[in-house]
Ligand code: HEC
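Shown next as structure tokens: one chain only, the form predicted alone.
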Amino acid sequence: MTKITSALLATSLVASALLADGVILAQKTERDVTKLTPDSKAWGYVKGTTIHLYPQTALSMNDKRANALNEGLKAKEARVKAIYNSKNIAFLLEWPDGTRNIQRGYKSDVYADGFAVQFPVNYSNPQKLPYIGMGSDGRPVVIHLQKAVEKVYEPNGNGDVGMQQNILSKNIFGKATKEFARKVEKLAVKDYQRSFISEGFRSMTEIKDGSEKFDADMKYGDKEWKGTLVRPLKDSYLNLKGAFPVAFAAWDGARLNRDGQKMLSGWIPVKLVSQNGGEKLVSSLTAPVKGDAKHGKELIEQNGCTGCHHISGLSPKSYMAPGLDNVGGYSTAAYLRESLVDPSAVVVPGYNRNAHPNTPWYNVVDGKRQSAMPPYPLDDKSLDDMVAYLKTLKSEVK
């Protein structure tokens, strides 16, 4: 893999010249990238991009201890690098974590550190990117998940219950015990990586037919995780070219993170160096937000948004609608604007079990979920101002 470094040196100066704030530059190489790991020397020749991971605060879990551990969290600063060749692309995500937490099969209250990388299937219209985390109706996403696990035997992939028994319960001795141990070792799950396709509320489905080829890895050291993902540029789900969006998530097992309680980025543009196209998408995702945030805050209060949505400093904790703290960190301006004018375009999952039954987040009409929030027929300036304010709702970076 050391051969890859010379090829990267030739493009590093070009990539640096093209670097723009908030853009991940994937450097091109003719070498094989499928064997890259978190420790590969090649990453030292790649320009990195700083990103921010924000606490996902739309929902409160029905777990008092987890909620307390995650109260008032700050955003994390992370780093992303990318390398690609004619067939595959590799990402390196580096993020701080003070503890190493491994999922253990014999404990139900221990959770793993982990990370995920997400791609929209269709990104031709930057104004209609999917909802991050689960996609949207008609706007699917592919998600790759990697978790830190110890060797476990359940499930072992073959459904062989006999091989999941403790060796002390087997009526075998001597050489037979060693043979049994070898079989168990062969069947054991030593890695946890999954791919999912999702197109909105309750649609997330694991891809198990082998059509999604990818490889991920994690390495911990110096109070930091490094995670790599390698996948094809083109397959039956994705066709990554020119420039495309990507989003990252990280789970902290020490804070009982799992499912929707995690740290999350917004959509970030990836530019494939040496390829044309994608300028519109890059511009849309990196353009400064226009609008008067101060006036937008006044409009948010005047239109009754804080009657249902929780915003720290403006409204108390509420289960009547998704919380808006940090929504400006992991949501695009286009998504926030769409949410105001067409709330049913994306119905956020959750309906929190602690909410009152008379105040549902959504109603089901003719088999389709419709948001309980009414659309707001506002003029363009008012919408710009409200979006500008909502984009300010994000925690400080620790």
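Heads up: residue numbers just count along the shown sequence, starting at 1. Everything numeric here is computed off the predicted structure, so don't read it as measured data.
What comes next is about the form predicted in complex with ligand HEC, which is not displayed.
Although the partner is absent from the chain shown here, none of Leu238, Val246 and Gly278 has a heavy atom within 4.5 Å of ligand HEC in the predicted bound form.
Although the partner is absent here, Val289 lies well away from ligand HEC in the predicted bound form, with no heavy atom inside 4.5 Å. Shown alone here, Asn303 lies within 4.5 Å of ligand HEC in the predicted bound form, counting heavy atoms only. When contacts are judged by a 4.5 Å heavy atom cut-off, Lys297 does not count as touching ligand HEC in the predicted bound form. Contact annotation for Ala372: at least one heavy atom lies within 4.5 Å of ligand HEC in the predicted bound form. None of Val33, Ala333, Ile51, Val346 but one reaches within 4.5 angstroms of ligand HEC in the predicted bound form through a heavy atom, and that residue is Val346. With the partner omitted here, the residue from Ser60, Ser40, Asn70, Ser339 that has a non-hydrogen atom within 4.5 angstroms of ligand HEC in the predicted bound form is Ser339. The chain is drawn here without ligand HEC; in the predicted bound form, the stretch among 316-324, 222-230, 135-143, 82-90 whose residues come within 4.5 Å of it by any heavy atom is 316-324.
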